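In the form predicted on its own, a lone chain appears below as structure tokens.
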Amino acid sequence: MKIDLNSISVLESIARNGSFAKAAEELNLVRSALTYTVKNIETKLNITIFDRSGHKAQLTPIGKYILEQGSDLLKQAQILEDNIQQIASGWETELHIVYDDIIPLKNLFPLIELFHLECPHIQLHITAERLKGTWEALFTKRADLIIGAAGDFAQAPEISTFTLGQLDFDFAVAPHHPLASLPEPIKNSEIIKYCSVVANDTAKELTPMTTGRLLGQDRIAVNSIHSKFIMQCAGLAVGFLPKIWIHDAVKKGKLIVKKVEKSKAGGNVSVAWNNQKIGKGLQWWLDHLRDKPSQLFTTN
């Protein structure tokens, strides 16, 4: 190879300092060593990198091109060295977190912000899934950590879990929906007359789960709890929603909570991870989720 990273570093220093002498001082080298490095590249490639006719060493067009491309190589090399040190000290370079969107993403913001402040060199990948799709992301190694997972499908010995807390549900309808004016508790025979909206399970390989729908009831399927929430606020459909999603909407009169003949029981949601590979970044999340799980259940 006719140009190596050390040579690029020498060229960068000369260009930035405007002279071979100042660059030699910065690099703690004799000036002749820099002159030799530059001349060696110029001879091998049959080019001129610096115009030395003036008081300052000026890059030629080809010299500018070499440094433009070379600067990226220097940065990548530095990133590589940093990543090697990061991994050697037990920190991951990136972390893949999947959360069940039954927990509003904004409830994760305080943890994300704190993690970024304390661990700025770890790249976070945060993705939403639903129901068994959350577990599937862990089983297929698309996730290092899952948050808010419903049920308990962790049958493999390498999967560890702990309970975050319980999510409770209310049957909610828009104020202008026909069910809003019916006496409570509303019977199933009345509810079944109207369309329900269901947030689909995102699992592709595991058998999907379906919840909150009466047998024979028409339904609209959407891809997120947020979409379900919006459709119920619009009065297009009815159904159960997590209390943490509807608190503010009920307060503002966008939704009405109705007692029904058959309520939906609350359920625990969990954190799960692969216990065979726990870096310091993953351990940070586990410690903080154990420490203050209640912040994930802040009402919306």
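Remember, predicted model here, so these are calculated numbers, not experimental data. Quick note: we count residues from 1 along the sequence shown, nothing fancier. The term rigid core refers to the most C-alpha atoms you can superpose between the two forms while keeping them within 1.5 Å.
Omitted from view is the form predicted together with the DNA, to which the following refers.
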| query | finding |
| --- | --- |
| The DNA contact in the predicted complex: W285, any heavy atom under 4.5 Å | no |
| 4.5 Å heavy atom contact, H55 and the DNA in the predicted complex | yes |
| The DNA contact at R31 in the predicted complex, heavy atom, 4.5 Å | yes |
| The DNA contact at K39 in the predicted complex, heavy atom, 4.5 Å | yes |
| Stretch in contact in the predicted complex with the DNA, which is absent here, among 228-236, 257-265, 241-249, 39-47 (heavy atoms within 4.5 Å) | 39-47 |
| Yes/no, A15 Cα shift of 2 Å or more between the shown form and the other one with rigid core fixed | yes |
| Core-superposed comparison between the shown form and the other one, R31 Cα displacement 2 Å or beyond | yes |
| Core-aligned CA displacement of M231 at least 2 Å between the shown form and the other one | no |
